[in-house]
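In structure tokens, one chain follows: the form predicted on its own.
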Amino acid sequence: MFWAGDAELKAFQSLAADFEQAEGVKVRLQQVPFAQLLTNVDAGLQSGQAPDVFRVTYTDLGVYSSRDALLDLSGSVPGDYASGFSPALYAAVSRDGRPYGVPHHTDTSMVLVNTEAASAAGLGALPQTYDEAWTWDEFAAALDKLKAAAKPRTYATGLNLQLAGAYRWLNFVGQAGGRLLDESLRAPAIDSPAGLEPLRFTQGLYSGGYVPRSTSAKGEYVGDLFTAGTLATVLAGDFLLADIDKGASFDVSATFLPVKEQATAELGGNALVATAASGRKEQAAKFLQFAASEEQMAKFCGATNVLPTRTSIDAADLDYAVRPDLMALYLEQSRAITPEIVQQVTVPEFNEVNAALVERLEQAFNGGRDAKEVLAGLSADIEQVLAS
């Protein structure tokens, strides 16, 4: 069971066909909307009709592994299996040293830019190396220019916080040197000066008219608005490049996320997992390893414009379906995904923490709540979630 865009659907169909040919095992694919996948999986687990294998975000995987709902792959994979993957991403699918899935791919966000809008605003050359990345002040200055040059009913930028993407706001927190959770991962750390500064900065983007208020964490998807020309820039993941390249009537360029105290990037991407109650455990475990093999991972990532998790695959050498020039920048951006970020967003309770973040960001961006009150509330929410 999986969600997929057009390119991903074709890639999963190709993966299934290759597996059937290699192993002689029939695969039945079930595509569902992203917003329905976890609901369907939960219903299947309760009724005893869960899928053998499903796609899941790294940030949601922990809620299932902590309930023993996933197949422990320890007895199915070679002893040195973990050494073939990025340590941070293999850790994201593991719990207490045991793998409960395979890290299928990763992705992260950059700032995509409508080149015509940038030219009209006089932005000049965009930073193309990390050493040149915009500081927050420079990012704000660029947005000022874009806002001044914007056509009616268009905006300077959009933040990709929708569809359970509220955790991407933590990029700003990390850039300011802050953390959501403390180093024990069992207590909140967000109610701090390094949490307050990014909240006030992003709150100002909404209240100042740089970002449409309709695009809060509960609102409209910014990728579609960028493609339609409503946004001059957008923070967007590489997995959107195919749709944007197909739908946008203007040239698109990219630059890195802004930096402050440090550079950061969020852990995007997805794992493949098998359910512990599957009646076809052996075949499911084989499918996961097949999907995460070097050949199949390279094929999937190239076709869908996402980044591999196997260290033996040089992402720079993949044959990306669209915009390989921008994928080179995304690869550079992905190097800012730190182990600290991965640890915080893959705690078993993160699904609930992210839901609390959605509500609190809504209060800040559209509810007019004071930033200090919002952070105090978010901190209390996290304490309650971690204690339950």
Partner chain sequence: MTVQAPPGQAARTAAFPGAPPARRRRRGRAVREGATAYLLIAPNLVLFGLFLLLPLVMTFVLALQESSGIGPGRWIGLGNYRQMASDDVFWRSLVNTAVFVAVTVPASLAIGLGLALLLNRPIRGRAVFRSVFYLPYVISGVVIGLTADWMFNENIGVVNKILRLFGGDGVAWQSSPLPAFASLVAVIVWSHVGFCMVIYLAGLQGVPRERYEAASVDGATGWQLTRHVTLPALRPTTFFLVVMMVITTFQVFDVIFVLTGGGPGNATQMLVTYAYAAGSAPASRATPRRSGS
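Positions refer to the first chain, counted from 1. Predicted model only: the values in this text are computed from it and were never measured.
Unshown form predicted in complex with its partner chain; subsequent notes refer to it.
With the partner omitted here, the stretch from 317 to 325, 25 to 33, 331 to 339, 351 to 359 that lies within 4.5 Å of its partner chain by heavy atoms in the predicted complex is 351 to 359. The partner is absent here; in the predicted complex, the one residue of R280, R213, K246, R186 having a heavy atom within 4.5 Å of its partner chain is R213. Using a 4.5 angstroms limit between non-hydrogen atoms, A7 is distant from its partner chain in the predicted complex.
Contact between T230 and its partner chain in the predicted complex is found at the 4.5 Å heavy atom cutoff.
Put simply, A380 is close to its partner chain in the predicted complex: some heavy atom of it is within 4.5 Å. Taking the partner from elsewhere, Y155 is found to have a heavy atom lying within 4.5 Å of its partner chain in the predicted complex. The candidate spot formed by L38, Q363 and Q384 is fully in contact with its partner chain in the predicted complex: every one of the three has a heavy atom within 4.5 Å. Contacts with its partner chain in the predicted complex, taken as any heavy atom within 4.5 Å, map within 35 to 61 to L38, T39, D42, L45, Q46, D60.
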